[in-house]
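There is one chain below, alone, in C-alpha cells, taken in the form predicted alone.
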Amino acid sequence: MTEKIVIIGNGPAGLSAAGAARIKNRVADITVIDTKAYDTFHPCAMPFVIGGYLPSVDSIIENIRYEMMKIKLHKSSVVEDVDLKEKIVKVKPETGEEFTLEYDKLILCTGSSVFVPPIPGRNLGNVFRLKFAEDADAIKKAADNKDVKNTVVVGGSAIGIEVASELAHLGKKVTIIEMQPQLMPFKISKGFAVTVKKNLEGTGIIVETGVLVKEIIGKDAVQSVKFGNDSLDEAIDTELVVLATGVRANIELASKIDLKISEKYRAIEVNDKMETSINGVYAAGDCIVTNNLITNSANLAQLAGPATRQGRVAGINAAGGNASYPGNVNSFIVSSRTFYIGLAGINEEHAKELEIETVTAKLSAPIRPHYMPTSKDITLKLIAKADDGKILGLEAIGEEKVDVNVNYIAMAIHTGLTAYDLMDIDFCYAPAVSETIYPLVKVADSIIRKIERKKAKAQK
C-alpha cells in the first residue's frame, strides 16, 4: 500500500519536509496544505522589498513546481481538525467545499504568528505587522507615499532593525521603540547592544529603549504614537507604524488534537526524530520547542535555518527513514544597509544565569591588511568556558564577513572546539580577501591569554 504523508504548512519547514520525504520515498502519496494563496515565499527577504532593494514583492514569491515532484498542494486552505483514530485530516478551502484526506504520517509545520500587544489604536490605517509577502507589499506601498515622512518601528529585535534600516534608506525619519532596556533583548549581551545602538544611530535612526508604546493615535490612519514608562510620557508624530513585536508558535491545531505542548514555551514538544507525543505525527519549524546544543535544554529557535533542517528530518522519518536533529546553536545574522550583526551560541549573561564560568574577549580588527584600500574592521566578542576554553558563543558586527565568522563559531560549537583549537586551524590568507592573522584567531588568542594568566595566578 502506498504511504500517505500529509504536511500542514508550506513555509521553510514544510517545504523542506516535502522535498526530503519525496527523495526518501519516490512513490509515497505526499500532500501539502497551506493557508497562503501562492506556493511559498522567502520571509527573510521581506525588508528588502520594503526598502526597494528588490523591485517588487513578486521577487520573493516562488512557484515550487510541486507537480514535477508529484506532490499535491492545496493552497488557501485551513486544516480545521484531525481525526487521530481514523487518521483523517479535515480541510476547509477558502472557496469550495470542505474535504478530508487520509494519512499514514502527519507533519505539522504550522509556523508562527506575529504577537500584537493590546495597544490602543493598533488597528488604525498604516499600522502594519510583517509576516507574509502581502504585508511587505502593503508596507512598501504605504512608505512610497510622499506624505509619509515619519515612521515608527515597534520592537528592536532582528526584524525591527532590518525594517528600520530599509525605511531609513528610503529617506524616512525612523524611530525604533523597544520596551526592554536594550536592543535585541535575550539575544545579545548588554554591552554589545550598546555597540549595535551606536551603529544604528550613526545611520540616522532614533533608538528609544526601556519604553513601551502606550497608544497609537489617529482618526482613520495613524497620526502619532504615545510612548514612555511609569515616569515618562512622550509623543511622536508618525504616518506609518510597523509592529515588529515578536512571534508566537501556532499551536491551536496541536492543542486541539492533544499533542504535548511545552508549558514554558507554548510550542510543540518533539524528540530528535521530530516525533511528537502521538505516534505517526511529526512537527518542525517555528511551532516546536527543540534542544539547544550548548545548554542541552529546551529552547525556541524560530529561525529559517533550523526550520529547514528540522523539516528535512521530519520528512525523511515520515517517509520511512531514520534521521536525527541534534539541536541548534541559534546562529543568525541581521542585516542593515551599512552593517551586519551576527550571533552564534550564548552570551556571557546567559552563561551566568546557567552558572557557567566564562572568559570573554572583545576586539576590533581589520578583515584585510591595513594597506589594502578595501580594508574594514570587524568587531568580535568571543565567549568560552573558563576552565578549558571551550567555545560557547560569538557576537559580531561589521560591514563584511560577519556571516563567515558566525558560521565558523557555529561549526566550532557543533564540534566541541576550544579557543586553543581555533589557534591551530589553517585559515587561508590573501591580501585581497583576508588578514594574515584572521580576526577570529586574534580574539581566540586573547581568550587563551586570559585563561593562562588565571591558571598561573592559581598556581602561585
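Residue indices: 1-based, along the sequence shown. Quantities reported herein were computed from a predicted structural model and do not represent experimental measurements.
Absent from the display: the form predicted in complex with a further copy of the same chain. The rest refers to it.
Undergrad: Each of Phe227, Leu240 and Glu348 near a further copy of the same chain in the predicted bound form, meaning some heavy atom within 4.5 Å?
TA: No, none of the three is in contact.
Undergrad: Quick one: find which of 364-372, 137-145, 169-177, 92-100 has residues within 4.5 Å of a further copy of the same chain in the predicted bound form by heavy atom distance.
TA: It is the stretch 364-372.
Undergrad: Phe332 near a further copy of the same chain in the predicted bound form, any heavy atom under 4.5 Å?
TA: Residue-level check for Phe332: yes, a contact with a further copy of the same chain.
Undergrad: Flag Val32 as yes or no: does it have a non-hydrogen atom within 4.5 angstroms of any non-hydrogen atom of a further copy of the same chain in the predicted bound form?
TA: The answer is no: Val32 has no heavy atom within 4.5 Å of a further copy of the same chain.
Undergrad: Does the 4.5 Å heavy atom contact test between Cys428 and a further copy of the same chain in the predicted bound form come out positive?
TA: Although a further copy of the same chain is absent here, Cys428 would touch it in the predicted bound form, with heavy atoms inside 4.5 Å.
Undergrad: Though only this chain appears here, would Ile217 touch a further copy of the same chain in the predicted bound form if you measure heavy atom gaps against 4.5 Å?
TA: Ile217: no, not in contact with a further copy of the same chain in the predicted bound form.
Undergrad: Please identify the residue among Ile356, Leu73, Ala298, Ala304 with any heavy atom within 4.5 Å of a further copy of the same chain in the predicted bound form.
TA: Contact residue from the list: Ala304.
Undergrad: Which of these residues, Thr276, Ser77, Asn328, Ser189, gets a heavy atom within 4.5 Å of a further copy of the same chain in the predicted bound form?
TA: Checked against the cut-off, the match is Asn328.
Undergrad: Which residues in 392-419 have a heavy atom within 4.5 Å of a further copy of the same chain in the predicted bound form?
TA: The stretch touches the partner through Lys401, Asp403, Val404, Val406, Asn407, Tyr408, Ala410, Met411, Ala412, His414, Thr415, Leu417.
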